[in-house]
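Structure 1 and structure 2 below are the same protein chain in two forms, each given by itself as structure tokens.
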Structure 1
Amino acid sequence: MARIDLVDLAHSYGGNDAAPESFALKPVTMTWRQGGAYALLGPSGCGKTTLLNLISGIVTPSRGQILFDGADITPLSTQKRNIAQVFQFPVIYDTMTVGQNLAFPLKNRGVPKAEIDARVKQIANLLDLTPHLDRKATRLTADAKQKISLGRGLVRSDVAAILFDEPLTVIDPELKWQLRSKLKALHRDLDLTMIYVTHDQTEALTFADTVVVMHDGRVVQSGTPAELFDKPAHTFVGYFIGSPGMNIVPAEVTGREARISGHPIALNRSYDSLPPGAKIEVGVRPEFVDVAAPAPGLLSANIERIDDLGRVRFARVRIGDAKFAARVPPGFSVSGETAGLVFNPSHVHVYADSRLVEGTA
């Protein structure tokens, strides 16, 4: 159990001399509290697995430090870090039974046999593996194997954090839910720090209290699922989280007004000191733009198609060349090729060079 601090941590597979832009993980400083459930979310190649491997010690950082409860563990080997890791593909020891698999980490550390047996029983119970304890681990299904990998981490009483590297990739969809709720339950019961790497936003948002969104080797935002949804700190977060993602369109912003294709949109806050020369964009989630009948005063758009997701409908429209998605209010029937867009000003955000600009009230 530990609080984890990352201090100016960075890594390049090409060594420390590589150009800063080529770093797989660009310098990051953040603190993860003990007992938290964190998700590292981002597309393939964004550096999330690198960050995870730095924490587990499989990769040694080019720069910076990792602290567990304030103690610098950067130079320590994986064995000495007391972390557990569950990999993308189940790692089980083929020749051993489920029980022997669970006992393996304790046996390697020379724990007395009676204690091992007790721990293994307890963990097997926790993971519903008790009926399989004497079976060969190779014969089990993928989700049971992942539980064994997880169990090998949990079986050690001193484990500081459990790291998950896309652990549900090979699991069937209906079992994914079960296993994820199991993880949630374990997290509540055991008060362990869990770090979960995934490229699946649903997985990240349902598992974690804090989601760390990564893009191109950088942490672009770290926050609760609600924060990520309501106030994306980076256009990438807006676009990556949510389905459909946030609308991001170029605009001219002055004071409390944004102009999209020359049409004014009211803003809730005032933006007077935007950095000169920056690329200014306006971002708004489709959930906060309604389609209405074309009317003077409304931004007009060409309707391309309507996506009916069952509980909600989204209109895919075009403003000039820019693609845009907007909610179709219940009961509204779309007629004609053009529609007006009604913005909810409190959810329209302004971005300068892809980063959120906080306006003044």
Structure 2
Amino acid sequence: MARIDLVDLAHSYGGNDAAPESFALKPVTMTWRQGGAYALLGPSGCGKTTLLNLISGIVTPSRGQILFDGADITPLSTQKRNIAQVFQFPVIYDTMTVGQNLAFPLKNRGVPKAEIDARVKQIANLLDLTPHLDRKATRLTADAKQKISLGRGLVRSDVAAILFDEPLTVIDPELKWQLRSKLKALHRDLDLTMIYVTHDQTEALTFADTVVVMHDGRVVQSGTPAELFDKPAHTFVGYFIGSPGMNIVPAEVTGREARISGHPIALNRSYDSLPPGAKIEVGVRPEFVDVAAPAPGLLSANIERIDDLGRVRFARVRIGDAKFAARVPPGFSVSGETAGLVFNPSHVHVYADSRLVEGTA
């Protein structure tokens, strides 16, 4: 188990002399606490797997350092870093039984048989593999094979960290929720540092205590699921987290007022020192904008369709050239082609060049 420090870490597959913007991972400095559950979240190509492979030692960074409990492990091989890694596709030995697969990492390290048996029994019980311990692994289902792969990563109690690279991709959707819940329970029981790579926000938010959102090779925000939803630090986080994502539209902002398509919207904070020349936008989640009947004083929008999700309805509207989503209040009947929008000022955020501006109270 280890605290992991990334110090000015960056990597380019084109060499250290490549242009800064071409780096697969732009410089990042951050600390992950011992025993934490972390998710690296972002779309394909954002740099999350590169970062995971740098931590594991599969890739050597172009710049910077990786520290485990304060010790520089940057030049060390994967084996010497004492980590476990679980990949997207199950890696198992078909000719072995389930129990032999789970025991293999411990047997390789010369762990006493009694200790191996006890640890295998513990992990098999946590993963519901006990009934299959004496079965050959070759004819098991894909989810059972991935459980074995997970178990092999978890069976060593001395690892500095366990890294998961999209481990549920090949799992039937019905079983994903069960395995996510199982991993969360395992994290609580085993007190191991776990880092989980995924492009699926549901996986990230349900597994991790801290979610690291990546975009274009950069870490754009790191925080709890609630922090990412309530206060996105970057417009990308706003529309990548949530379903639907955050509404982000161009605006003119002065003091405690934003103007969207010329219409004033009250703000909860004052913005008197915005960067000159910056692209100014406001962001608000659909949950905090209500559709209402058209009325003087309300921003007017053209209704394109209503999405009924059962527990809630969202109106898809257009404000000038900008698309927008707003909540349809329970019992409200949408009629006509236009509607008014009612904003909750405490949930309207201001962004300058895609970055959150705090404002003053």
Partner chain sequence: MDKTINQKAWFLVLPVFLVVAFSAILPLMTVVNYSMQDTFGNNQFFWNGVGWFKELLDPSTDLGGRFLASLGRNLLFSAIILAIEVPLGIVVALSMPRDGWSVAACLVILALPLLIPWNVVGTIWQIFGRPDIGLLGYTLNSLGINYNYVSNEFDAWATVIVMDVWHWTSLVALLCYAGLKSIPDAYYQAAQIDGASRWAVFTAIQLPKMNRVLLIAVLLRFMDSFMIYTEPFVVTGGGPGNSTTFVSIELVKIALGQFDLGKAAALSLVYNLIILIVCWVFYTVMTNAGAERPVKQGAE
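Here the rigid core means the biggest group of C-alpha atoms that line up within 1.5 Å when the two forms are laid on top of each other. The first residue in the sequence of structure 1 is number 1, and each one after it adds one. Everything numeric in this text was worked out from a predicted model, so none of it was measured.
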ask   = Where's the form predicted together with its partner chain, in 1 or in 2?
value = 1
ask   = G242 and G110: same rigid part between structures 1 and 2?
value = no
query = Smaller rigid part's rotation against the larger between structures 1 and 2, whole degrees?
reply = 11
task = Report, in Å with one decimal, the C-alpha displacement of D117 between structures 1 and 2 after core superposition.
result = 4.2
